[in-house]
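Heads up, the chain below is alone and in the form predicted on its own; it's given as structure tokens.
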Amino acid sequence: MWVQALDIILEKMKASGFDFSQVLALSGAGQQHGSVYWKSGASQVLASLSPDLLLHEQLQACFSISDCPVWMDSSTTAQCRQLEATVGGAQALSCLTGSRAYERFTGNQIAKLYQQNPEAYSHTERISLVSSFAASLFLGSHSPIDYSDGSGMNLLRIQDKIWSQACLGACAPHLEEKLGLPVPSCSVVGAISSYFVQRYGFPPGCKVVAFTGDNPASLAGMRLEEGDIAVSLGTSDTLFLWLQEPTPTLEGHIFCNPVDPQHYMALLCFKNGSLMREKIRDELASSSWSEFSKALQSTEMGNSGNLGFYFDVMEITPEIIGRHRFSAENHEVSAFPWDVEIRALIEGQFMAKKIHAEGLGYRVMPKTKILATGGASHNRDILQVLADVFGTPVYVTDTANSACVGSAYRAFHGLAAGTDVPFSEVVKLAPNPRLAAAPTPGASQVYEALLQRYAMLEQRILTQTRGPPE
């Protein structure tokens, strides 16, 4: 299906008169944590494609399994526990690979395939991520996995950027040769295949820059820099962080940075995002965002010490469910006035983000900025609370499809990377984000003590629901 989708896109571009001869370099992004299994002999087929036929017609028989495991597959819990036990526990694995064992991560998916279908595994000559699979189509040979997407596998040692022999051994035999050596994310992995030169008119010298995951590509598309944070305020809320010195924990993920091999990016996901905001809006603000905003405008920063936790579905970061409200004296109460409730929701969501980002090593720097995207980023009053809680200005950008734009930026960077040009230099002429909210004077003093209280109360709720930490 993926191969045929590429055929359709390229044929439409060709029919529309797109001038492929102008393309100097290309890169791309694939959904993270998916994997593709190339059957023995696939490399010969890739290297000898006929320009008279579409790709999917020629590659039909090149895969040892026809359905690829993707990020939605959570059937590998047994393999996760096995991997963590091999390296000394969940925290040890996180320190090594940037994340504790996750069911969707590729190493655990490979382990399951090997255990349940050893014949298919033995007939596999190469295992690609979705990103390196797509790059392989353009290269006409197996593309290496890049550091950034590779660090979402529970297999790559994020400090020295080589495969962990302990993790490989825990998953399947001969795995290193099936994965190939990982490469820096800005690497030019080769020139485009003659198939694309002959069928579509790409120039023979067109460079293929290593493809990466959709999340790292989004970091590139939003042009984050050191100390920056991107907040996607969607159905779920997602944070992307640029980190210099990460501290991997049991929550969130640390990936190698896709545009700076010396640094890292972190990703945190909060399941109770806009769905929770919309629910409270419907319950208390007559389903009106303008009424919701009035509540934020009429209540003071810090909400007179009232704090709230709102998790109608089991939260990921941390694992809490339910609504919990606390007065300024830390007494749990059953309800707040409607306007206090709305501010408690928004302040609580952003305090949780700051606390858990700092847990991964994030620190606000003098030049730090927040880039806000997603539906709720259109609400100026919500962004004002975000700026106040973090104590840093919030910007918005018109960039839609940031992973796609990031792939184009990365292709451009790949062309220049041989001269060690920093990514920020390559994209300096791109349109700048717009300032949406600056911190209110005195905000950092208001929230300093509240953040400590919020973290303490979060631990109290966790202890009540699952007992003291082991």
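Here, rigid core means the biggest group of C-alpha atoms that superpose within 1.5 Å across both forms. Small disclaimer: the values here were computed from a predicted structure and weren't measured. Residue indices: 1-based, along the sequence shown.
A second form of this protein, the form predicted together with a small molecule, is not displayed here; the remarks below concern that form.
Checking Leu179, Ile229, Leu113, Ala376 for any heavy atom within 4.5 Å of the small molecule in the predicted complex turns up a single hit: Ala376.
The partner is absent here; in the predicted complex, the one residue of Met222, Ile280, Leu83, Ile382 having a heavy atom within 4.5 Å of the small molecule is Ile382. Judged by heavy atoms within 4.5 Å of the small molecule in the predicted complex, the contact stretch among the candidates 298-306, 201-209, 164-172, 230-238 is 230-238.
Although the partner is absent here, Trp289 sits close enough that one of its heavy atoms falls within 4.5 Å of the small molecule in the predicted complex. For the chain shown alone, Ser274 is a contact residue for the small molecule in the predicted complex, at least one non-hydrogen atom being within 4.5 angstroms. Core-superposed comparison between this form and the one not shown: CA of Gln198 displaced by less than 2 Å. Superposition of the core reveals a Cα shift of 2 Å or more for Arg281 between this form and the one not shown. Annotation for Ile342: C-alpha shift of 2 angstroms or more between this form and the one not shown, rigid core superposed.
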